[in-house]
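Have a look below at one chain only, the form predicted on its own, in structure tokens format.
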């Protein structure tokens, strides 16, 4: 188990005030599970990534993997920016990565099961430049897993991938994590992916505001929610509150979310032909809904994350 214990981190700049990026962050990530770290830009996700991978010096608190410093454990990392030589083949990229660990790799030594899961068996002699973005990401994952890590950390690995490639990559990640008993920490802003993870750690302004299974975070919303888009929504919300026990939540200037209800129940109270109502939609609740309920703003509203000078 990866244990993050009371971590705080401050960036000190040559000019200007110091910036507190993390403030008393604590959570656990278990073996065999994918733990998603999500939050708006500027919430401290990238700082946590750098601390866990050793790119930043730990100022306060502790990081341990099964009671040991993660520096003594086998670590696999997938960075947001590509780390492949596009003019080399898939195998040549894996070969040169293995050299960094003192291994002279032969094709016959590659783990067959891993290549099968990643669907790279027939692509070992293909130039990386010839692969789709999704398969290039799979090569990145193969590199990270080549040294049989105990801890796998990924920073926004879905950047530049379309929905199908993203979902396929995540399915592979889930399979490998469970099969190898990895502790996988996934830093992402993709809420649809985070919802499928085993656990979600939600950041806001350098602190953890939620640490739970996705289903537990969304349990208060019920199986379905109804979203009404339109004008004069405060008046509409007051009318709904006076007529029923349905709880409403403002999720945007033009959108009102009704929790734990059905479209039929809502249409018994409001008239869909009302000119103030532009659209009514019934859907499953999302982590974005939870984040707005907790913080009062959408996940993408925050400014870009600060980095060390």
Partner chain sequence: MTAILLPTYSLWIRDLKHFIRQRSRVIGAVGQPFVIWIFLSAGFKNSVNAGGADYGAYLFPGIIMLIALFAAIFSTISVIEDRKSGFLQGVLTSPAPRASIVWSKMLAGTTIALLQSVVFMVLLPFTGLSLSWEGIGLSILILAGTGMTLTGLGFLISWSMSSTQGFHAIMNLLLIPMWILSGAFFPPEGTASWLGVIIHLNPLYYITTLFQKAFFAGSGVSVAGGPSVAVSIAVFAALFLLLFITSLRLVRKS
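Worth saying up front: this structure is predicted, and the values here are computed from it rather than measured. Residue numbers count along the first chain shown, from 1.
Below, we turn to the form predicted in complex with the partner chain, even though it does not appear here.
With the partner omitted from this view, the residue of 235, 132, 109, 87 that lies near the partner chain in the model of the complex is 87 [heavy atom within 4.5 Å].
This chain is drawn without the partner chain; in the model of the complex, the residue among 163, 216, 83, 179 with a heavy atom within 4.5 Å of it is 83. Checking 113 to 121, 219 to 227, 183 to 191, 74 to 82 against the partner chain in the model of the complex, the stretch whose residues place heavy atoms within 4.5 Å of it is 74 to 82. Interface membership of residue 196, defined by any non-hydrogen atom within 4.5 Å of the partner chain in the model of the complex, is ruled out. The partner chain in the model of the complex is approached by residue 53, whose closest heavy atom lies within 4.5 angstroms of it. In the model of the complex, residue 103 approaches the partner chain with a heavy atom inside 4.5 Å.
In the model of the complex, at least one heavy atom of residue 96 sits within 4.5 Å of a heavy atom of the partner chain.
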